[in-house]
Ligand code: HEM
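Heads up, the chain below is alone and in the form predicted on its own; it's given as C-alpha cells.
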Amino acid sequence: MSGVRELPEDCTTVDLADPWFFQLHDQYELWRRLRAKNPVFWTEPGEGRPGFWSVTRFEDVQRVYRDNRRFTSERGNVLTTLLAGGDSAAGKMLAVSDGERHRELRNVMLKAFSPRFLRSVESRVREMADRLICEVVERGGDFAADVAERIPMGTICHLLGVPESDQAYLLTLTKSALSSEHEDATEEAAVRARNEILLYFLDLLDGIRKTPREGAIAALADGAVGGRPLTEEEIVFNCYSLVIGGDETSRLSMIGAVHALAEHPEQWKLLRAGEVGTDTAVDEVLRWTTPAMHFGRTTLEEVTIGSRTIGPDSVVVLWNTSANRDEEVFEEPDRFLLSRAANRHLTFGYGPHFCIGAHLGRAEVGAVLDALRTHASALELTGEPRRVHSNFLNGFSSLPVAFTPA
C-alpha cells in the first residue's frame, strides 16, 4: 500500500474503533504482527465507549462463531452497536438473535430463498451482469457506480419486492448506514440513514398487505415465530438486515475483484483463458476482499480464548480480515490466487449465523467474473480508487477503470 502511515511499535495501542485507522494504515501488516505476538488483545476504553477484546487467529475466530452458548449476538454484532451498549433490534432481527428464536426466524426467512425463486433471481443476475459489463467495457467508467452498485441492490430489491424506482434511494441510504464515501460523514448521518431504511420498509409493508406479492417481505409478513405472527417491527428490522447485507458484501466484493485483477494481471490472464473455475475464483475474491472486516459477540460467562481469560459481559470482536489471511490456514495468504483450493474463508461467517444469502452472493460475484472474461480482453485502472470510510466495511466506493473489448 502506498501513502500509509507506519504502525506504532506497540500495535495493541491502535484504536480499531476509529475508521481513520483503516484509512491511514495497512491493516494486514497489523494483523500479521498481532497473530504472531498478541493474537487476542485488549483495546482500552475510549471517550464515551467501553474497551473490547479483539480476536485475530482463524481457529479462535471460528471457535467463537460456533459457540452461541457462551457468546451472544443479542447485545449487538458490530462495533457500532456493541460499543453503544446494545442493539434496538436484539431478539427481533436474525443477525442479533440467538437460540431457538434464531432458528425459527431463520427458517421463516429461508422461505424467501427457495430454490425455485432463487433460480429466477440468478437468471436475472446473469442477464444484468452481462448487460452492464458489456456497457462498461465499451465506454469505460467507474466500475463501482456503473456495475457493482446496480447488481446487488437490484437483486435484493427484487427479492424484497422493492419497486425499481426506489432502488437508487435505498442505495444512497445503505451506503451511509454503516460506512461512508466521505471522511467527514458524521455518526448522526449514519443513524439518520438507518432510520430512513426502517421507515421505508414500514411503508412498503403497508403496501404489500394491501396488494400481496411474492418476495422476502411477503414471506416475513406470513411468517410466525414461537407460535405467533411476526410483529411489524420484526418484519421491518429483518428487511433492513437483508437490504444492508444483500448489498454490501456483493458490491464491495465485485469492486475489489476488479481492483485485484488489475493489480494482478497474471490472475486476470488465468481467468480470461478459463484456466481457473468460476467457483474457485469467487471464493478467492471473497477471501481477498473480506467486505465485512469484523463481527462481534458479548461473553455470557468467563471464557478462555488462546491464552487470555475474558470475563462475562465483555465485548469480543472477531476480525475476519485477519482470519482470512492467517498463515496457519492459508498457504501464501497475502497472494491473490484464483486457483486456491480448499478455501476455508470466513467472509460469510460460520456456525449458526452463517450468512443466509451466501449462495446468492456467490452467484452475483460469479456472474460478474464470467461476464468480464467473456466481454473484456484487458483492463486497467484509470484513476485513484477511493476507499470506504468505516471500521466495519472494507473496500472501495469508487474504481475508475478502462477495458479492452474482447
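From 1 onward, residues are counted along the sequence shown. Bear in mind that the values here come from a model prediction, so they are computed numbers and not experimental data.
One more form of this protein should be noted, the form predicted together with protoporphyrin IX containing FE, which is absent from this view; the next part is about it.
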Picking from 130-138, 197-205, 90-98, 168-176, which part of the chain touches protoporphyrin IX containing FE in the model of the complex when contact means heavy atoms within 4.5 Å? 90-98
Residue-level question: is Phe348 within 4.5 Å of protoporphyrin IX containing FE in the model of the complex, judged on heavy atoms? yes
Contact test in the model of the complex: Leu286 vs protoporphyrin IX containing FE, heavy atoms, 4.5 Å: yes
Find out whether any non-hydrogen atom of Leu242 is located within 4.5 angstroms of protoporphyrin IX containing FE in the model of the complex, and reply yes or no. yes
Using the partner position in the model of the complex, report whether Phe71 sits within 4.5 Å of protoporphyrin IX containing FE, counting heavy atoms only. no
Just give me the single entry in Val258, Leu82, Ile235, Leu159 that has a non-hydrogen atom within 4.5 angstroms of protoporphyrin IX containing FE in the model of the complex. Leu159
Which residue, Arg124, Arg106, His264, Arg272, is the contact with protoporphyrin IX containing FE in the model of the complex, using a 4.5 Å heavy atom cutoff? Arg106
Residues of 334-366 having any heavy atom within 4.5 Å of protoporphyrin IX containing FE in the model of the complex, listed in sequence order: Thr347, Phe348, Gly349, Pro352, His353, Phe354, Cys355, Ile356, Gly357, Leu360, Gly361, Glu364
